[in-house]
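Before any questions on binding or motion, here is one chain by itself as structure tokens, the form predicted on its own.
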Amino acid sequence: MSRDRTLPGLAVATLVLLGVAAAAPGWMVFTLVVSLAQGLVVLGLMVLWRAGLMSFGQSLYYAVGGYTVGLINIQFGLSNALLLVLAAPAVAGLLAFLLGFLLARYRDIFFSMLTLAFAMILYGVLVKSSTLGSTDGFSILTPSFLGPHPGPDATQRLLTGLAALIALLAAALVHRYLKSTAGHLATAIRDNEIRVEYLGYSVHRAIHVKYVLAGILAGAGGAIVAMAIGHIDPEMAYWTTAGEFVFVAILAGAGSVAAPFLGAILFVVLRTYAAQYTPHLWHMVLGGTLLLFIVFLPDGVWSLFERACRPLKRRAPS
């Protein structure tokens, strides 16, 4: 067998991202931090997807992460980015743990629709809540980094560096989880749950763990986006936001923990340029791109890397 070079590759990619965050123009830095945040959400979707499940409601935890940052800002006046990016996934993970007792019992379209239903319930609550800004949302404090508030440009660059390190840690932990016995159960659960139960493993518990992990990652992504934009609103919980995450998951594929981040970068770039050059047709451009990927590249863009690496794997020493 060839050596697994995923973790060294992630480390090199993180160093490249840190260099980009330090030297790239402001618009590229902002695009990168949003892409990394979306990649975290899609990384959680990939964990569920490998078990044959697809959540249409990850915007629920994405919004919970963002609003956790906002509420901590308002209630306690805290703006430390490190504390906020730890608190948001904790709250999102707790909510996922509670809802997981119900959702772990459902499969296929029922699981997908239930996740979407919970996301839309949160959206309705946020829209009707004047305390939380209703449809307009509210602005949050500029994040600080173990000291005084830096300037706007420095804040974005520091936040991008923080997002890159969080993405590296999350990808490494998920990669290790997928290589474990619990991670390998995903394929068995997708193929035949009864056989998994006969082997002595609890399918409900395994899916519950995967759902909580996906919720934690989505909460972290929502926190990063909230700090990057400086504003939160109910659109974070809307179904179109969840649809974007599913779009990226299909675009990226589930072949590697690096795929969600690559897919997120491609999606943000595609959406940005499509909106700039075809402002009235950019939805059609995104839909056409998704259609082409489903027909001609069903395993996602990461499958191109896998095909390119096959000759190298054959020549690698065992």
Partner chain sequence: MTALLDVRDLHKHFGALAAVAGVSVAVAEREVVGVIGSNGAGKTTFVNMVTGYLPPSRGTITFRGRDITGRPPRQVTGLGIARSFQVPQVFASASVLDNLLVAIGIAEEGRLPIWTPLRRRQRVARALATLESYGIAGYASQPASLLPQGVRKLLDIAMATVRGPELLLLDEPTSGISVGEKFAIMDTIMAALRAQRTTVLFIEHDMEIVDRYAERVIAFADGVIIADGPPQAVIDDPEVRRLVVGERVKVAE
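From a predicted model like this one, the values you see are computed outputs, not experimental measurements. Numbering follows the first chain given and starts at 1.
Quick note: we don't show the form predicted together with its partner chain, though the next part is all about it.
Partner proximity in the model of the complex, defined as non-hydrogen atoms within 4.5 angstroms of its partner chain, places exactly one of 200-208, 234-242, 147-155, 115-123 at the interface: 200-208. Residue-level contacts in the model of the complex: of T135, T131, Q75, S180, one residue has a heavy atom within 4.5 Å of its partner chain, and it is S180. When its partner chain is considered in the model of the complex, N192 lines it closely, a heavy atom lying within 4.5 Å. Its partner chain is not drawn, but in the model of the complex it has no heavy atom within 4.5 Å of R105. Using a 4.5 angstroms limit between non-hydrogen atoms, V196 touches its partner chain in the model of the complex. The closest non-hydrogen atom of L185 lies within 4.5 Å of its partner chain in the model of the complex.
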